[in-house]
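A single chain, nothing else alongside it, follows as structure tokens in the form predicted alone.
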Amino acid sequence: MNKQKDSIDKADIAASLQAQFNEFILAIYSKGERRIYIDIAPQTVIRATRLMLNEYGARFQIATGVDTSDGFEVMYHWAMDESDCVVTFRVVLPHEAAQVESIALICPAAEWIEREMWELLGIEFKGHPDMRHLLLADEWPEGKFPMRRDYEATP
């Protein structure tokens, strides 16, 4: 694909997403030729997932989570293979209420990464079909999340 076509596709995708999510979009920006980032309200994660899967035929790549000073960021990365573009939806969850709907029932590829973020960051994925330890030992102390900024390992 040539760069002009990529740019047009990306702009068309961004405009379409803006139209679909206008009332829920907090920000929309680009960090490169083939990347679109969209900050959305947490309550729209399921709607965004269905839109990406059903309307755009996007492929779920991965979700990532990080503990920042502003809260927990969860980013859902979607490959738009025909457009050679990646769309990332970002939600920010407050530290005191780190929960968001699970997308695992409509996008099974998200099941393990949601479990990982729950274990390591303590983010609750409401409605997850199998929330159990994936990486940490079953005896891991409840309420201790090793990827949180305030985690202190005991010797």
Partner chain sequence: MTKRTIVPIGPYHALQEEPEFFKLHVEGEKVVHLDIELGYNHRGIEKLSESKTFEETVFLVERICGICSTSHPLACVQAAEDAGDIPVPERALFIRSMVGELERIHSHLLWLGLAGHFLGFNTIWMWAWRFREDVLNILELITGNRNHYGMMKPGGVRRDIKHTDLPAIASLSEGLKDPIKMFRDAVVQDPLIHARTKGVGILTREMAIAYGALGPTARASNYAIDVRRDHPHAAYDKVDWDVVTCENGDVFDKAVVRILEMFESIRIIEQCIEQLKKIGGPVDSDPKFVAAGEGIGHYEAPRGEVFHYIRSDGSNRPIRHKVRAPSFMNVPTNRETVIGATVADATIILAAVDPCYCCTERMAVAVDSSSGERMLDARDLIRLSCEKTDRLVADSGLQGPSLPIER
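Every value quoted in this text rests on a predicted model; they were computed, and no experiment measured them. Positions refer to the first chain, counted from 1.
Although it is not shown, the form predicted in complex with the partner chain is what the next lines describe.
Contact annotation for His95: none of its heavy atoms lies within 4.5 Å of the partner chain in the model of the complex.
Although the partner is absent from this view, Arg47 stays clear of the partner chain in the model of the complex, with no non-hydrogen atom inside 4.5 angstroms. A residue is said to contact a partner when one of its heavy atoms sits within 4.5 Å of a partner heavy atom; Val66 meets this definition for the partner chain in the model of the complex. Of the heavy atoms in Tyr56, none are within 4.5 Å of the partner chain in the model of the complex. Screening Leu51, Ile40, Val86, Ile123 for any heavy atom within 4.5 Å of the partner chain in the model of the complex leaves a single hit, Val86.
Shown without its partner, the chain has Met80, Asp81, Asp84, Cys85, Val86, Thr88, Arg90, Pro108, Ala109 in segment 80-109 as residues with a non-hydrogen atom within 4.5 angstroms of the partner chain in the model of the complex.
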